[in-house]
Structure formats: structure tokens, C-alpha cells
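What follows is a single chain, given as C-alpha cells, in the form predicted alone.
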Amino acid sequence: MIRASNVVYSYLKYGRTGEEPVSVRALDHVDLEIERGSFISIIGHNGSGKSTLAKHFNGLLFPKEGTVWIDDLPTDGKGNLAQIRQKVCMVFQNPDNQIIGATVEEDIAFGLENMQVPTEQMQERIDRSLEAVGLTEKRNENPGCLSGGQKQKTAIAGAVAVSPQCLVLDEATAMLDPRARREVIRVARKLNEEEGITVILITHFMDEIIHSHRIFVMDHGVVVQSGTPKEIFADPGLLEQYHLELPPVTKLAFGLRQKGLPLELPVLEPEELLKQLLRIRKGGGAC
């Protein structure tokens, strides 16, 4: 679906007036592949390059060196941009920057109109996208009156309506409360599991990535580690090294293990920890 080969990206950082700008390398020879239909998470501390990389996936940024392919289309190829942006849609941190319609339905229709989708198909796509994110009853409401989570789902619905193959959520839950964050991640997982949309989640909330098929860890513009959630969270020292924390339940389980409880680590979900604790209490040992 997506392949990055030897990707380098630098930008100029300007200081005070009169100072020479400094070149900052945000991506440093990045190589990765993302399979179609997968749920991928990219994590890293602020400034690690994860959002810069995400913007390369639909041609918002172009490599200074190397190449990014969406299917067999290089993002910097002439005439490819329209196709690529239909294949890969992005939802950003602040939904207010993406929502422009007077109603939820009008906002979703805006992207379809730009694509010149026939009127007879437009309503079907709007209905389907609203149902996918659970906003059917809000279709006639002013987006400005919605909660933060509902606004973000409106932005996701607008992306889903254009039938993308891949949805990139770039810090899309950063401004939401915990309940709204869980709801947005639930919608993303549903789109991945039921509609086969490739999802790329850029986040610094570790509890959001436990169901990922694969996780990429970035540091100073480099992919320093990749693996399944079990592999990534098996070594707390690894995440500490890159200024990241374990999910709360995983951290608790490691602490209990240090206290002598025979838990099988890593534990990723509260239900999993409870199951092991009940077995230990009954004398059955770890799972």
C-alpha cells in the first residue's frame, strides 16, 4: 500500500531577526512498508518526525531525497497527486481547521462536490459515512455546536465519504477528553476491520495503539524500532530510552510482577490483567 525508501526531509528553522536559518533534518533516511488493510501506529516524542512522515503519505510534503510510493505511484510524480489524495486521506489534530460546512451533511458533501461525484451517488456516500462514524442523527446540526469528539468524527466521515484506501489520523485525538478519544479510536478500528481501510494512527497516547497490527517507533527522524504491540511493550527500558511511557495497565502489570506476582508480561488490556489475577488468586499461576 505505502512504501518509503531512503526518505530524507529537511526544513529551515528561523531564529531571531538577523540570524541565519538553520537546516533541521526531520526525516533521516526512513525506510518502511505498510500493508494494505493493516492498522498501523507511528509513535515518538515531540519532534521525532512522525507527523512529518505522515504528511508525505498524501503529498502534503515531498522527500528531499528518496521516494514514497502509494501503491505504484511515487508521490512526487507529475500528475499523481489527485489520485494519491483520493487513495490517502488525512484527519488532523484540530477538526475546526477542516470543517467548513454549515451542517454536518454539507461538510461531508463538500469533498464529494470537489471530486465531481454525481448527485445520485453523493447522498448514498454521505449516508454510508455518517452511519460508519455513528453520526446519522447529527446530519443536520451545525458542526460548531458538536462536542470535540463529534467534530472529529465529522472530519473522519468527510474523509471516508471519498472512499479512500487509507486513512491517516495525525494526532487526531490530541485535543479530546479520554472518552472522546476512545470513541474516535473505536471508529477507526471499525473502519479498518469492517471496511478494510488501511489506518495509520499518529499518536502519543500509548493506550490507543494496543490493537495495532504493527507499531513504528521514531526518534530524531529515524525509525528506531518496529514490531507488534507485544514486542514493543515487552521492554519498558526501550520506551524510556525514547521518552515514551507504557500504557497504564501495562505499567501496573510490570509493577505487580516486580512485587512477586507471577504475571505473564506484557499485559495490554485491563481485562487481560484481571484474568491473570483471578487465576493467580485461584492458585493456577499465570496464564
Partner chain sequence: MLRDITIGKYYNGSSLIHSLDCRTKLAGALLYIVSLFFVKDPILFIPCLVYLLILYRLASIPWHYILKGLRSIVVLLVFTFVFQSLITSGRELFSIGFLSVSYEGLMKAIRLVSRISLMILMASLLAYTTTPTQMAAGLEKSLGFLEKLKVPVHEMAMMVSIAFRFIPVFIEEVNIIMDAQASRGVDFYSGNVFRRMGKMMPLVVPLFVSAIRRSAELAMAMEARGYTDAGNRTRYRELIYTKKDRTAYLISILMFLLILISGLLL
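Model, not experiment: these values are computed from the prediction. Positions refer to the first chain, counted from 1.
Missing here is the form predicted in complex with its partner chain; even so, the following discussion is about that form.
Although the partner is absent from the chain shown here, none of Pro63, Trp69 and Asp72 has a heavy atom within 4.5 Å of its partner chain in the predicted complex. Shown alone here, Arg181 lies farther than 4.5 Å from its partner chain in the predicted complex, counting heavy atoms only. Of the heavy atoms in Gly111, some are within 4.5 Å of its partner chain in the predicted complex. Contact annotation: Gly148 falls outside 4.5 Å of its partner chain in the predicted complex, judged by heavy atom distances.
Taking the partner from elsewhere, Ser163 is found to have every heavy atom lying beyond 4.5 Å of its partner chain in the predicted complex.
With its partner chain omitted here, the record of contacts in the predicted complex names 51-59 of 216-224, 51-59, 258-266, 232-240, defined by a heavy atom within 4.5 Å. Only one of Ile185, Leu135, Val117, Ile209 comes within 4.5 Å of its partner chain in the predicted complex through a heavy atom, and that residue is Val117.
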